[in-house]
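Quick setup: one chain, the form predicted alone, written in structure tokens, and binding and motion questions come after.
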């Protein structure tokens, strides 16, 4: 059965994340977007909330058990504050949780504590590829067995902190199956390109990475990879982030419509505006429920691939609709950078292409 009442621990965590999102992320978002960089101390403060640590067992340096539902609740709040900041804080989680789901005991013991213990470090994943028709099931990056090692060849895109990461968890196709390899960035044949210039998430540095016969030992390959589990967790995360972004835009537009007057009354009372706000609220609530269902299925050990994919797709489309209408409701003010809705609309446009940047 589904339950909609969070546990006491979830309430405490979500409340802490919400305060951080409002007081820190939201306050710094505009300047970070303009400068193209998130202050490290801002990321560190978000890291210290322990969202990832609460999803990692004590044996590997954490203090809890993985819960996709808890992760989705936290991701929504982080994205409500700022999507770039949320992705930065969650980047090591995509690395560590992939290892938790797919690594051997030896790999978990060696790789996860380095991420969990201590300050935030730019551990990240290399998942997306620079192809307009990119589909994870037909990944073009390949890893071929060679004298007891693997040779990785291909290109990746949207690699967060690729210029400063020590290790990239690189996804590649091995005999038709998606696999992941922990690849040190100083490995011969691996080249990080110039920072990508994107429409949105401009405060999050992302890079293209090229692999030219990068040789890694067989021990770098995660030994228990289940692509459906990995992809479902990626999808649920992007869905939750989309809901948080949508909620931010809706609430801002609602407050603006209540305060802005035209012809003697608040524009929120105008039928066209009221109908838009009502549809925005309806779609956000529906998208959130789909994300929660996907996260619940993941926690129950079910095959959540279909549910999570639908949740992510619907939530990303909802975010695009809601942010676009928020800009419309603000009128000319929606198009200027002093109001955050234009930034949220730019960020929403890319959500459907952010696979691999976050995991719950």
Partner chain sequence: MISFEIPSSIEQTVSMIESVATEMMRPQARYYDDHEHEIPWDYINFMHAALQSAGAEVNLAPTSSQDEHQEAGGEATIGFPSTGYLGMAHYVEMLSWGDAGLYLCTPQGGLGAAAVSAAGTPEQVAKFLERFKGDRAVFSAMAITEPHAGSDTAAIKTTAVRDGSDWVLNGEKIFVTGGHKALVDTPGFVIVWATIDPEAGRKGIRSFVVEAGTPGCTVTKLEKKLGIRCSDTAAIVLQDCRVPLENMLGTVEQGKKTSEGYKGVLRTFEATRPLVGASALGIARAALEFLKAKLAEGGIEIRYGLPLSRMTNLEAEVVELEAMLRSAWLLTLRAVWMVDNKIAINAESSMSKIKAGDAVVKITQKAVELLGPMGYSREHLLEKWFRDAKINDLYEGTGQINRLIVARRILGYSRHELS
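Positions refer to the first chain, counted from 1. Just so you know, these numbers come straight off a predicted model, no measurement behind them.
In what follows, reference is made to the form predicted in complex with its partner chain, a form of this protein that is not presented.
S.K.: Name the single residue among 116, 101, 268, 178 that comes within 4.5 Å of its partner chain in the model of the complex, judging by heavy atoms.
M.R.: Contact residue from the list: 268.
S.K.: Using 4.5 Å between non-hydrogen atoms, is residue 309 touching its partner chain in the model of the complex?
M.R.: Residue 309 belongs to the contact set for its partner chain.
S.K.: So, in the model of the complex, is residue 213 in contact with its partner chain at a 4.5 angstroms heavy atom limit?
M.R.: Heavy-atom contact with its partner chain at 4.5 Å: absent for residue 213.
S.K.: In the model of the complex, does residue 33 come within 4.5 Å of its partner chain, counting heavy atoms only?
M.R.: Heavy-atom contact with its partner chain at 4.5 Å: absent for residue 33.
S.K.: Given that its partner chain is not shown alongside this chain, does residue 53 nevertheless sit within 4.5 Å of it in the model of the complex, heavy atom to heavy atom?
M.R.: No - in the model of the complex, heavy atoms of residue 53 and its partner chain never come within 4.5 Å of each other.
S.K.: With its partner chain left out here, work out from 65-73, 39-47, 329-337, 25-33 which stretch has heavy atoms within 4.5 Å of it in the model of the complex.
M.R.: Flagged stretch: 65-73.
S.K.: Let me test this: is every residue among 7, 138 and 292 within 4.5 Å of its partner chain in the model of the complex, going by heavy atom positions?
M.R.: The answer is yes; 7, 138 and 292 each reach its partner chain.
S.K.: Relative to its partner chain in the model of the complex, which residues of 272-293 have a heavy atom no more than 4.5 Å away?
M.R.: In sequence order, 274, 275, 277, 278, 279, 281, 282, 283, 285, 286, 287, 289, 290, 292, 293 come within 4.5 Å of the partner.
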